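We give structure tokens for two forms of one protein chain below, kept apart as structure 1 and structure 2.
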Structure 1
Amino acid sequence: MSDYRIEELMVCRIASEVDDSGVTVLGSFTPLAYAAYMLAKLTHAQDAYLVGFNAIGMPAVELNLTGVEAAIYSGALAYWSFGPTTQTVHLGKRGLVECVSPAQIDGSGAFNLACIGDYNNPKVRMPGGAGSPEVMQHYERILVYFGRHDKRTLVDKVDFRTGQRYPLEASARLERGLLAGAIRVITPLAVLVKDDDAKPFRIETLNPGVDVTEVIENTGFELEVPTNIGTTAEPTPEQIKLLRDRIDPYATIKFDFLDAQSRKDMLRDLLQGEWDRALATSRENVGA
């Protein structure tokens, strides 16, 4: 067993879904998902085809706030505009893996990225779905992840339905010309999977040290509990080293697990750290 943090375990679980059988598109910048794609690219899926920021065939890059986009573009095979990317990948049935990190999901698989409370008078107004409804429907493997597992995030019914994958049964999807694949929800407690509209999410694996009761008590909708439940694979020492030393030295993947004030503090520290490194690099170049 390696020494790891829960967010690193979740990164490794997401990375396990990436291979070279399709195109993995990096949408909105979510550090945890980006780290997972980079990890796959550097380990078991070296031929994985990644598209990010309209850069086609991008390499694995280090995650940071100020330089990641430039690094993606400088190492890519080609550039493409949003329209062709959408038509060819999103709607062209070439999308392999997509990660969504909404505020809520319910037992039907509907997710919410719009608001908490009444839409016209919300408690919290969120950024909205952008392209998430389309990718949720058209990609093969849909992964929804949360920085916490509780009844505020895994709810009985979402406050606003931003999108949903429907239908879920493989045969029904193929009949409609859609890629077949389940929804998986990855949390600090477990991995849940839903592949049948008429059945609830079932517990696919429990994270190490978590029992079934804890998952049930912290989920706001019905769960199917199989007789035999596996354990989510722990990160290997190689994966941990790559994450901490090469992919995410600033530990940006912690962002999804922090409250608002802690996120503000982390952003300030990240920007300062990147600025300090840039100054140090500049001085070394001048000295050379």
Structure 2
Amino acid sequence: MSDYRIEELMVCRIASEVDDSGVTVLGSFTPLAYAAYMLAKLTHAQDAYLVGFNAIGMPAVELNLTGVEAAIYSGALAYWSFGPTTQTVHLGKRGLVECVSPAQIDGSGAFNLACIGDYNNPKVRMPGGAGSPEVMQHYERILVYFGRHDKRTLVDKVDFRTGQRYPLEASARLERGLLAGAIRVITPLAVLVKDDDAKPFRIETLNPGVDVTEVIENTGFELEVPTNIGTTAEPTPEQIKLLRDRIDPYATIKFDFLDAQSRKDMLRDLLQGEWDRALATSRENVGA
């Protein structure tokens, strides 16, 4: 066992779903997922096809706030637009893994990226789901992650169904021409899995040191609790080293785990560092 932070354990759990049997697409700003895909690409899934911003076959990149697109494009194997990418990957059954990090999820697997309150008269209007309704329905492995596990996020019923993978049973999906595969929810406490509309989410593994009661008490929907529940795998020293030294040296993956003010402070600090480094590099280049 190595010394690790909870977000690093979650990154490693997500990374374990990525392999070279399909295409993994970087969605909207989800630093934890980005780190996981890079980790997979640097370890067990070197041949995995990654897509970022329609750069097809992108290389692994260092995570930061301002330079990721340039890095993604600098080593990619093809430049497409959304038309061919979404027709081929999203709708064409090549989508392997994508992570979604919505505001709410409920026991049916429905998730909400639209609003808190009534859709037509919302208390808080959120950004909207981008391509997540299609991703959720059409990809093989759906991972929903949260920086916190509580009843405000894992709710009894979402305020709006931006998307919901339906049906979930493998046979019904195959009959409809869809890829089969479960939904997994990955949180600081546990991994939950659902592959049957008639059954609740099941606790698949508990994160190290977490008691099953804590998971049940902090979940707003019914859970199936098997008699024997395994423990989520801990990161290896090699994974931790890659994450901290190469993939995410500025710890952008903490973002999802912070409150609004801490996020702002973190962004300011990260941006100051990126400004200083870029300016120093530009002066070296001028001097050279």
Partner chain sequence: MNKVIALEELSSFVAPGDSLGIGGAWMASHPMAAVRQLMRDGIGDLHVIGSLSSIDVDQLIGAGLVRELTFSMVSLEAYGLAPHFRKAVQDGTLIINEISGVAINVGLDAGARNLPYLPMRDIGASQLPEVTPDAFAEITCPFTGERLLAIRAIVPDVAIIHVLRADAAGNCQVEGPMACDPELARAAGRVVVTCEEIVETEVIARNPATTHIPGFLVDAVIEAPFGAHPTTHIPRYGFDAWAVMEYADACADGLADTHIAQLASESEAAYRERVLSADKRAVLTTIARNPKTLETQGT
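Sequence positions of structure 1, starting at 1, serve as the residue numbers. In this text the structure is predicted, and so the values were computed from the model without any measurement. Rigid core (definition): largest C-alpha set, two forms, superposition within 1.5 Å.
Please state whether structure 1 or structure 2 is the form predicted alone. Here the form predicted alone corresponds to structure 1.
Could you tell me how many Å the Cα atom of Thr281 shifts between structures 1 and 2 when the rigid core is held superposed? Thr281 C-alpha displacement between structures 1 and 2, core-aligned: 2.8 Å.
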